[in-house]
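So this first bit is one chain, no partners, the form predicted on its own, shown in structure tokens.
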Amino acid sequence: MTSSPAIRCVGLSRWYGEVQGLAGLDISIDSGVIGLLGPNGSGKSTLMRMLTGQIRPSRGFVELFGVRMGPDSHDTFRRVGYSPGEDVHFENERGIDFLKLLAGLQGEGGPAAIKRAEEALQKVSMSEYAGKKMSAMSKGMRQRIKVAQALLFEPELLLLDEPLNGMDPVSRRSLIDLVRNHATIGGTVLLASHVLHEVESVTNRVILLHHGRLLAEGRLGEIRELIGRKPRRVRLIGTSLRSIAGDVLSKELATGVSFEDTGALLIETRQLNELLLHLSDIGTKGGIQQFDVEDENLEAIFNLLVGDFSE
């Protein structure tokens, strides 16, 4: 393994006409598992495509393993495995034939290509479906085939774009174990997702993108501390909600209250733990039927970090 970062982006920018996909991104990623988080349209897939050489930066550059990437970076790309977010299968091909074809494009032929395909299928627990046509596979199976293609040549760097979409619980557990194992043996995994709990199940190290810009970087616990400095929102469904609103305001547990058209009560607070404890007491008396902390999903966390509380 090289001592240089697996990934280094310097001033990385990409425009699509007047639309900005990435804006001056500066990141450095060493070994381990890193979550690439962001709502749809945040720039995750644009970054993945630039890391794999599918599109070129409008400005800035990418280095992989200390090598600045360009049109002649084939040797370095052999150290990278990529699972794209979109389907890129040949529908009438069997799973093993699809992988054998990809191995052949990298110079493997005959028995060697078949062996690589079989080993990759085994790693994603798809050996028994090797002869199944892609068109007959479920979404979860197709996802596993995409991960298998990323593993064909035992890469040091894995780039996985929304790999858990559509997977059943057993397959998800298997992939999470695979990702962790890759990091344990010294590899690097960049796992893109718009679902917070998916990333939390794999790693605590995250990069957050928002509208093509780096919003935050570090350990998820540290980022949650940033969130803790901003008002949080709690959504209540129940009876006597106007009385509850007045109650939490009088006890200075809320910085603001509002009502949705559905009648649900929204409470903004900087004392989340104290508020939840108080609401739990009220709930035992039958006043609250349901309450949710609205920053438990990724979109809301991004809204909190950028100070946007609009829906």
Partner chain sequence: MKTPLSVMRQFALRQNLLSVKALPVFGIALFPSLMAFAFRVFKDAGLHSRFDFYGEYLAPIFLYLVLPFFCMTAILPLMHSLYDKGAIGYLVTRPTPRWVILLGLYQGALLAMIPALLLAVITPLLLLSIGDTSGALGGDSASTGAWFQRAIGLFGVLFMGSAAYSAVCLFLGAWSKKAAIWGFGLLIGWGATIGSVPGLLQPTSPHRYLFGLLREWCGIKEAWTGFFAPDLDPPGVVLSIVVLISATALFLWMAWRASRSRDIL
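Note that this is a predicted model, so its numbers are computed, not measured. Just so we're on the same page, rigid core means the largest C-alpha set that superposes within 1.5 Å between forms. Positions refer to the first chain, counted from 1.
If you look for the form predicted together with its partner chain, you will not find it shown, but the lines that follow are about it.
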Candidate stretches 262-270, 23-31, 246-254, 52-60, one within 4.5 Å of its partner chain in the predicted complex by heavy atom: 52-60
Contact label in the predicted complex: Q149 to its partner chain, heavy atom within 4.5 Å: yes
Do R78 and its partner chain come within 4.5 Å of each other in the predicted complex, heavy atoms counted? yes
Give a yes/no on whether N181 approaches its partner chain to within 4.5 Å in the predicted complex, heavy atoms considered. no
Is G104 close to its partner chain in the predicted complex, meaning a heavy atom pair under 4.5 Å apart or at it? yes
Stretch 90-117 - residues with a heavy atom within 4.5 Å of its partner chain in the predicted complex: F90, E91, N92, E93, D97, F98, L101, L102, G104, L105, Q106, G107, E108, G109
Is there a C-alpha shift of 2 Å or more at D177 between this form and the one not shown once the rigid core is superposed? no
Superposing on the rigid core, do we see a C-alpha displacement of 2 Å or more at P71 between this form and the one not shown? yes
